[in-house]
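The chain below stands alone, shown as structure tokens; this is the form predicted alone.
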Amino acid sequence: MTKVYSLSQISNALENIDVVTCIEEGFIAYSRNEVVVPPVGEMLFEDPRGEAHIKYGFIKNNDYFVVKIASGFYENFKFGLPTNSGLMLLFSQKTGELLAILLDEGQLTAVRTAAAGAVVAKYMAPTTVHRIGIIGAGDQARRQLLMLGSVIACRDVTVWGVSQEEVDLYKQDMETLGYSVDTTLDPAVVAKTCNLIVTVTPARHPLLHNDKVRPGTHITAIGADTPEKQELDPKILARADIVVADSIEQCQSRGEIYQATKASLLEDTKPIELGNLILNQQFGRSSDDQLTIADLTGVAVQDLQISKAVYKALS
């Protein structure tokens, strides 16, 4: 019989799951070609601006496959609603039976995305992170910082947002949790003061520019998960010593690698897949003077990993 799990049940289960390790193992399996992930399905809306993603996949010779629907509607604040929603459907790979409906309201996508940021930082951050920069001040910007705490000791932060009210609220929330937060409405300040930067916005034009980013910086770019989104000046990727993709195939059609390739500023052979970097750390940072970029577009293996972990915890 199909199990139906509520957000509260899912949230309780997550407290006992090492999601960073869970997601890291998924990236390794993906880069070993053990995972089948069809192209992303998506619907993009303009009035009001929003999107719905359909991601699905399985690990070969495993017990499960997943179908995930996640939406993001950016004017929901006007109605007192969260930006994100969604659910995950977990099936048996042996029988096709629907085992579980995870009514996570988009939370599992948010958690697995934050965990991916921590995986990247674990392998790509400078030896000493003296200040963390967050471009964006919403829910995922909070989750990224908190998840980074599992792999990065730094608690000094500069956050950029679209309004003073937004960044002040972020500062208030995160300082309550032990961080020291400076705020700015100029993304160049983040580039100037931080050597680990995470970008988490739905921007369609670059927020970080090449002439502002210092040598020795690592940037994890997360917001550009559709073909029209972009947070980084493509010249940053052209200049970078190391460019990493969560999925090379997926990043050929969306994200910062796609934008830089389209602008003829990035060769197809330059990006390294994240799972391969984890397996072969000689591909990673060899000097704290290097500029490194990770382009995370969100891969279905992350949804599979977190949904099956929650299912096992609740069964």
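Since the structure is predicted, the reported quantities are computational estimates derived from the model, not experimental observations. So that there is no doubt, residue numbering starts at 1 and follows the sequence shown. Take the two forms, superpose them, and find the largest set of C-alpha atoms that agree within 1.5 Å; that set is the rigid core.
The form predicted together with a further copy of the same chain exists for this protein as well; it is not shown, and the discussion that follows is about that form.
Participant: Even though the partner isn't displayed, in the predicted complex is residue 34 close enough to a further copy of the same chain, meaning a heavy atom within 4.5 Å?
Facilitator: It does not: once a further copy of the same chain is placed as it appears in the predicted complex, residue 34 has no heavy atom within 4.5 Å of it.
Participant: Is there a non-hydrogen atom of residue 283 within 4.5 angstroms of a non-hydrogen atom of a further copy of the same chain in the predicted complex?
Facilitator: Flag for residue 283 set to no.
Participant: Given that the partner is absent here, does residue 273 sit within 4.5 Å of a further copy of the same chain in the predicted complex, heavy atoms only?
Facilitator: It does not: once a further copy of the same chain is placed as it appears in the predicted complex, residue 273 has no heavy atom within 4.5 Å of it.
Participant: Just checking whether residue 56 would be counted as a contact of a further copy of the same chain in the predicted complex - the rule being heavy atoms within 4.5 angstroms.
Facilitator: Result yes; residue 56 sits at the interface with a further copy of the same chain in the predicted complex.
Participant: So a further copy of the same chain isn't shown here. In the predicted complex, which residue out of 28, 265, 248, 69 has a non-hydrogen atom within 4.5 Å of it?
Facilitator: The option sitting close enough to the partner is 69.
Participant: Is every one of 38, 41 and 87 in contact with a further copy of the same chain in the predicted complex, taking contact as a heavy atom within 4.5 Å?
Facilitator: All three within 4.5 Å in the predicted complex.
Participant: Only one of these stretches, 200-208, 138-146, 98-106, 163-171, has heavy atoms within 4.5 Å of a further copy of the same chain in the predicted complex; which one is it?
Facilitator: Result for this chain: 98-106.
Participant: Please say whether, between this form and the one not shown, the C-alpha of residue 32 moves by 2 Å or more once the core is aligned.
Facilitator: No, the C-alpha moves less than 2 Å.
Participant: Superposing on the rigid core, is the Cα displacement of residue 84 between this form and the one not shown 2 Å or more?
Facilitator: Superposed on the core, residue 84 moves its C-alpha 2 Å or more between this form and the one not shown.
Participant: For residue 51, state whether the C-alpha moves by 2 Å or more between this form and the one not shown after rigid core superposition.
Facilitator: Indeed, residue 51 is displaced by 2 Å or more.
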